[in-house]
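For reference, the chain that follows is the form predicted on its own, supplied as structure tokens.
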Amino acid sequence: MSFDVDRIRSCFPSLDAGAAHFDGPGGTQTPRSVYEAITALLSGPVANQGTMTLAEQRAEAAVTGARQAMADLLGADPRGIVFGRSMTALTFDFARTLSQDWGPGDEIVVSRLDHDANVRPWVRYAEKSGATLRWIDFDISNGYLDVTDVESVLSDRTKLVALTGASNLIGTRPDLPAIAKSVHAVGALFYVDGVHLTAHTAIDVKAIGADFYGCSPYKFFGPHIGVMAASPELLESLHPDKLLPSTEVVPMRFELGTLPYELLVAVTAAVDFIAGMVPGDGTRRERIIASMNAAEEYEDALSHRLRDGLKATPDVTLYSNARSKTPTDLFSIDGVDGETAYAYFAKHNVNAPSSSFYAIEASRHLGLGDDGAIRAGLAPYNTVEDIDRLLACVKDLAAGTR
């Protein structure tokens, strides 16, 4: 299906500033419809959730609408959609809750490919419970993590495996359905960090086999909030710390305090924007899949252009080489430190930051230490001209002509 990038870009007033944005993995730009939804909610009557007054009804509609929107985006059950301050906060909350049943002899598995938000909560609560922590490594020559890498650390003592759906540092996409099958074969739970993956492909949490799937709407045009999807039945079996008068009903028992209703209507607006990226009919879920498939094809074409240009530039080292990956590339330029490159790009209105981007274990495993390297991540509003502007800057730096 045709992807009209000019139409997409017209929805983002921030792009009028002229920057070429390769910083999408850290948070995308926001379309007009999303911030207008926030204004519309806050400019009318709103109160705590309820059914009596108009103010209560609008708050209630904000919550139920956002649960359904995220269920449509993820192929999940709206009764299993949990909202939190961030994916990091939600993961700490679930680690605290799940660890109530851990103890000496149990094993918790994390990976060196992951953002630290899906590493440190499990490390900390494994330590607190006395459970053993086991690590999944990945191949530094190509950045890939294979199902056999996971299977090598599984046992009948494994309680949970935490793994990214796609590396926010190098883009690697592990084979989640195959890994889920192996994880479930030993009776363990599978906790997937989908923060980076959700922005780049159509998601079906049931097909993936994730018991828990976390994501962050600000990575796909929405507000700064966290989302966790799980089956209602699984959530019913868990009992988090909460206030005495707070409801025991799921998913609300996991939502600590009053929800940010203005951000929830923005979540719905972001999902609706995704569903409308390409023209079409059908249910919102069907339109989401069609739009994401078209956007993925468009981003992949841009990614090939970027990678070909980086590979053709002398003194550039490319670290993102997995056979299955998002349009996210990590690279360095010989003799040019990351901060110097970042500043040079910024001077030319190209936003391509350099860091480890909280994927500290992955950066260290690649031999980049805590500093990381330059990351260029694509979004559906990027253009061929953006790619060529970045490549021109890289070539200047590599040639020493800055």
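A residue's number is simply how far along the shown sequence it sits, counting from 1. Remember, predicted model here, so these are calculated numbers, not experimental data.
Keep in mind the form predicted together with a small molecule is missing from the figure; the text below concerns it.
Subject >> Which of 114 to 122, 155 to 163, 324 to 332, 73 to 81 sits within 4.5 Å of the small molecule in the model of the complex, heavy atom basis >> reply: Only one stretch qualifies here: 114 to 122.
Original post:
Exactly one of Thr313, Ser86, Ser129, Ser231 has a non-hydrogen atom within 4.5 Å of the small molecule in the model of the complex; which residue is it?
Top reply: If I apply the 4.5 Å criterion carefully, the residue I get is Ser86.
Original post:
Does Tyr191 reach the small molecule in the model of the complex if we count a contact as any heavy atom within 4.5 Å?
Top reply: Because no heavy atom of Tyr191 falls inside 4.5 Å of the small molecule in the model of the complex, the answer is no.
Original post:
According to a 4.5 angstroms non-hydrogen atom cut-off, is Ser216 in contact with the small molecule in the model of the complex?
Top reply: Output for Ser216 is yes: heavy atoms within 4.5 Å of the small molecule.
Subject >> Contact label in the model of the complex: Val195 to the small molecule, heavy atom within 4.5 Å >> reply: Val195: contacts the small molecule in the model of the complex.
Original post:
Taking heavy atoms only, is Pro25 within 4.5 angstroms of the small molecule in the model of the complex?
Top reply: Flag for Pro25 set to yes.
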